[in-house]
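The chain below stands alone and is given in structure tokens; this is the form predicted on its own.
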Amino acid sequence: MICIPIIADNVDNAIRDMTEASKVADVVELRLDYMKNLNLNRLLENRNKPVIITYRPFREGGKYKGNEEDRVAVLKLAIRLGADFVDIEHDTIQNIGKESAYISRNKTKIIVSYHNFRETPDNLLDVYKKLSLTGTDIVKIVTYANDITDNVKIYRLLQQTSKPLISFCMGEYGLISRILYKEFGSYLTFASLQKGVESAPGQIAISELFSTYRIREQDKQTAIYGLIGNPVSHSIGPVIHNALFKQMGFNNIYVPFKVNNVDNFIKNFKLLDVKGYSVTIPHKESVINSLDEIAPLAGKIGAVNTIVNNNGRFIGYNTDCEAAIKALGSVIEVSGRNNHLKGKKVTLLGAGGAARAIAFGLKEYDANITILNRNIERARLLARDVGCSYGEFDYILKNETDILVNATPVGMYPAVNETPVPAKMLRPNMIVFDTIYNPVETRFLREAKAMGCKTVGGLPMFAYQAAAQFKLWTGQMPPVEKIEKIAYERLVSK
């Protein structure tokens, strides 16, 4: 079930929002602690869907700071009035009384809740057992995720329990436990009525749950795929891959995994049997040590952007290399006998995973490559592996280059006013390629156009590599043009 919390500050607005939420939600939660001048009778009389009454005190993350006896009296009244559900805090349930508990068995279902806004502790099963002893109908355990692996603690808990349990992680790291609540086994998940009216950190707008994550279509058999990176909130990968899964008839879902330690992540998330991953900054190189096998090209490059789960064996691939060359092909012929990259002076900014893939791709076409990086040692090591030159960033001022490639995150959303090099370093005869796709046109590209350069954005490269990933996961090649169209529409609508 999907529950939308109502956090209006008065009864009239609450009824309005409740009516709107009832069009899409299975359950509506009335957060009384947000409201002034309560009229519980009127609120319940205007319900169109089952309602959870919640009157959360400040100590449990709510807004109520008044008298505790008055708050408990409202919860008892909600039970007597026949509210569908009443959420009662774990340290309050003993104050509700036997009479209210008896009434709840006839009409109202009691939710006994525990919230931890600091962490996801290791003793979750003990917490569950303690709450279950209260005789409640439903247990609710919600914690804060400080790392992506905290979601696995919630998953394990949900696999061990018999009584209906609402459980997920709050915060950005806990996003997946909200999206994948059916796979996890939670009784319900919460979604905000719209962006900006969340009742807890990490809550997703209901429109996004429907449009991007197809939450109504998910079930226990839905195969999980996702993006490993940090940050991941800017990525349009979920929009692209979930749209492709739907259009091509796959019961799959693609979610963002914000990962700090990639080795811990890979080990812990084997429990969820994730079928495949995309890999982005900063894990394209470090993830190699966590995999069972590396495809030859990825091994040669030393960077992985795609992982396939082959019956429990994790195999790493690189689709960036070919995608970058194809993207450059829009302004310079690089196929067959018309290899116009041969002998071209290419200056490559960056020395991370994307830069490695591009450098090896360019080397295959006999380009004359120079790698520039603020960390000169990383530039030297990559240049050694590729067999090319390297230098400091001011190299561009001293030397002419035919093609300038930005393979750094400088200029990526949200830092859209940044650029990897000053405009004065650009020359009218250059080809400028920026691998960033969000925004579609970076400041770097705008300034290059103004200088008369030919430009290539990151969107074509993104589309080519995403299509190749999709084929590795599913065996089917999606239309690249479709990927680029979906991506462009999403990015320009932001």
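All residue numbers are counted from 1 along the displayed sequence. Computed from a predicted structure; not experimentally measured.
Here the subject shifts to the form predicted in complex with a small molecule, a form of this protein not shown in this document.
In terms of contact with the small molecule in the predicted complex, the residue from T120, T347, T306, N373 that brings a heavy atom within 4.5 Å is N373. Of the listed positions (G185, G391, G237, G352), a single one reaches within 4.5 angstroms of the small molecule by any non-hydrogen atom in the predicted complex, namely G352.
The small molecule is not drawn, but in the predicted complex it has a heavy atom within 4.5 Å of E285. Mapping the unseen interface onto this chain, A407 counts among the residues with a heavy atom inside 4.5 Å of the small molecule in the predicted complex. Within 4.5 Å of some heavy atom of the small molecule in the predicted complex lies at least one heavy atom of Y437. Using a 4.5 Å cutoff between non-hydrogen atoms, I281 counts as a contact of the small molecule in the predicted complex.
Note that among 201 to 209, 354 to 362, 142 to 150, 185 to 193, the stretch whose heavy atoms approach the small molecule to within 4.5 Å in the predicted complex is 354 to 362.
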